[in-house]
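Shown below, as structure tokens, is a lone chain in the form predicted on its own; questions about how it binds or moves come after it.
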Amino acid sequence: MKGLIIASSVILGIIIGLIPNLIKEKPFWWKYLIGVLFILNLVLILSPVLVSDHSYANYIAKTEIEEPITLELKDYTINSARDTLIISTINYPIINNSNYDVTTKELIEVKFNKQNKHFSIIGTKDYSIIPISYPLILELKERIKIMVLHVPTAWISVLAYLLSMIYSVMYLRKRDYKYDIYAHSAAGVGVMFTILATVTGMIWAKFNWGAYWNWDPRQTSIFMLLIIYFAYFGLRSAIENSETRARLSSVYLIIAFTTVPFFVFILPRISSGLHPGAAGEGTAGPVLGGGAEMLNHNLLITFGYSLFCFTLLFFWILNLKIRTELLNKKW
């Protein structure tokens, strides 16, 4: 299910992104669609509340973690004194000492009392603009939402570098300068998304690991990718002859892309590190891992939708970049 949603999001984004093609101006309906989809994407990323799964609530109680969590009210009964709730899937009573009116609410905030072995209601709330929730992970809390922004930017970088390699091969085969422009433009947009992925990752690292930069294998590998592709632009600027520049640039991009799978998918998983999916964790991470892990159904749908939106954004930016290069005839 996870692989199907992720793959279909990318494929659908590529198909729509190529309409009508890379060198013609996108129609008005296409641009309008991008704007509407991205506004909805931001709402989906920011607005849903974090709700603890009932089995996770049992884990919190069992390990005596006294942290406030939000629970969904379902399959519950209230005793005659109206001060205790019993939820069938939670193994501990929920005490309502403050007499909150829970009958009109969808969610309650509770905190476990390890001395008396029960949950206490400390507040009530409703769903936000969108009536869905994301899974509560105590170690991450609201920081889990950045995954829906950070990961798509990293994946789009891979897509951009892949296209730059494909267009480089096409240039070497056909010697048509438009393919050199396509490859150069795709590499430039790829670097932009790589920088965006690095910045969002650094923000996440600051609040989760205590520092913006920790030389984690994932951070190191993306830094190496930036150096490799920065060197590509240095190579282009150092060669005056357009034919030689296009030929050497194409060869460089083909070789550069061979490092992308290693730095993005292999190195971070064979090395020990802080990033999810590192060696020793026994999992490929929340996105590539086989289990549900922190990607529950709602977060998975949002992730797939965000991946779709960022794919469309990539092709729009690439289209603008290619058209600008063609107009300026920078080859």
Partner chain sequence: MVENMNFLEQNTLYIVLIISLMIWLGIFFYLIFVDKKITRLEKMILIDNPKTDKNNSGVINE
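Note that the structure is a prediction, hence the values are computed from the model and not measured. Numbering follows the first chain given and starts at 1.
The following text describes the form predicted together with its partner chain, which does not appear among the structures shown.
Among residues of the shown chain, Lys178 is one whose heavy atoms approach its partner chain to within 4.5 Å in the predicted complex. Not displayed here, its partner chain is approached by Leu46 to within 4.5 Å at the level of heavy atoms in the predicted complex. Interface membership of Tyr56, defined by any non-hydrogen atom within 4.5 Å of its partner chain in the predicted complex, is ruled out. When contacts are judged by a 4.5 Å heavy atom cut-off, Ala7 does not count as touching its partner chain in the predicted complex. Figure note: of the listed segments 98-106, 221-229, 252-260, 140-148, the one touching its partner chain in the predicted complex, with heavy atoms no more than 4.5 Å away, is 140-148. Residues of 188-226 placing a heavy atom within 4.5 Å of its partner chain in the predicted complex: none.
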